[in-house]
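What follows is one chain in structure tokens, specifically the form predicted alone.
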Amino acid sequence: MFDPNIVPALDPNPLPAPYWVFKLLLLVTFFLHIITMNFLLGGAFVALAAKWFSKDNKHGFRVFFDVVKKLPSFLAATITLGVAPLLFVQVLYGQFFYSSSIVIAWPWFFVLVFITVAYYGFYYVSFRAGKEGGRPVLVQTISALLIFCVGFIYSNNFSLLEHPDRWGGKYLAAPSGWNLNLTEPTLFPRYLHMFVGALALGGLFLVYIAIANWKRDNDYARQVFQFGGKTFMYATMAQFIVGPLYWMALPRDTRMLFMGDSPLASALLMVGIMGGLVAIVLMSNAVRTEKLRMAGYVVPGITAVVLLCMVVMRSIVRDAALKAWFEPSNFAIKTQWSVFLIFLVLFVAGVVLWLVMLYRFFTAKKVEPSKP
């Protein structure tokens, strides 16, 4: 029988800003984090796909190395941009997050190990570009799988966070912390939904590489453009299978939020569906007619809107699952406006700087070594 006291008491320290401010910051920072994470995870697997499924081995290796050379930077960005949303989760859902982390203590600890090993692996592969020997494909495969496992552990923790009624049984079954939330009905479709989305972003990654090489090597860029655009299309199409599987795995009350019980949730779902369909049609047209601007600006813009809808819907599902134990009005609030304004200015400046760095990262010209 579930003990309601298993959920720790709310932190008595007052929030330095209203609840909605932290909620908004959580959504915005997680949105930024999920973009880089999708480029990282999707790019890692798309690079392998380009190597294994390319008819021209030389061409496949070039695509492979063009992608993997950027993965260490994306891993660094993913970690950096993941700190803020993780902190905001601890502020708003701390008693749930810490408890679920303890229940799956050892897998959660191995997140650090897996990330560190994957980091070394990505750097090793990026340094092998243009060099003979080594086992870059094997190392890349191991690193990609480790990042895949990190995401799966995160899904286990955050899905368990939403079900305090299962903490006791799992902890008593394995008090040493060797637990995962594998009995959760939404776990696998939820993670598959995220992974397929990452593959779509990996396809966009290739589109940007193609655009950057369009004038320098048009033949190569066209092949990459075709492969990346089609990867985006097929992965987005697959979401129309995976998404309903995830929706059907949700509890009935939560499902009905997206069927009219919540106007916001229903509107977000419709925008997400329509945005996905429009993105597929536009990318198909861009691939067929080689419209770089459409593939490089319009489709990513629509995709960003769809991702933002998904982020907000994810938050709605979490709050629906925790409604019996979580009430935002219970937070004590003591607003510190001066500190908050300083934070807000620095935060906006940091986001702008990150966007400038990202633009230069993709558009920087290659420096050819000088001849003696």
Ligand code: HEM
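The first residue of the shown sequence is 1; numbering continues from there. Predicted model only: the values in this text are computed from it and were never measured.
What comes next is about the form predicted together with this ligand, which is not displayed.
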property	result
This ligand in the predicted bound form: contacting segment from 216-224, 267-275, 73-81, 199-207, heavy atom within 4.5 Å	73-81
Check all three, 89, 155 and 158, heavy atom within 4.5 Å of this ligand in the predicted bound form	yes
This ligand contact at residue 59 in the predicted bound form, heavy atom, 4.5 Å	no
Contact of residue 322 with this ligand in the predicted bound form (heavy atom, 4.5 Å)	no
Partner proximity in the predicted bound form: residue 46 to this ligand, non-hydrogen atom cutoff 4.5 Å	no
Proximity of residue 190 to this ligand in the predicted bound form, heavy atoms at 4.5 Å	yes
Contact residue in the predicted bound form, chosen from 151, 177, 136, 296 - any heavy atom within 4.5 Å of this ligand	151
Residue (of 316, 26, 309, 32) lying close to this ligand in the predicted bound form, criterion heavy atoms within 4.5 Å	26
Partner contacts for 277-313, taking this ligand in the predicted bound form and a 4.5 Å heavy atom cut-off	none
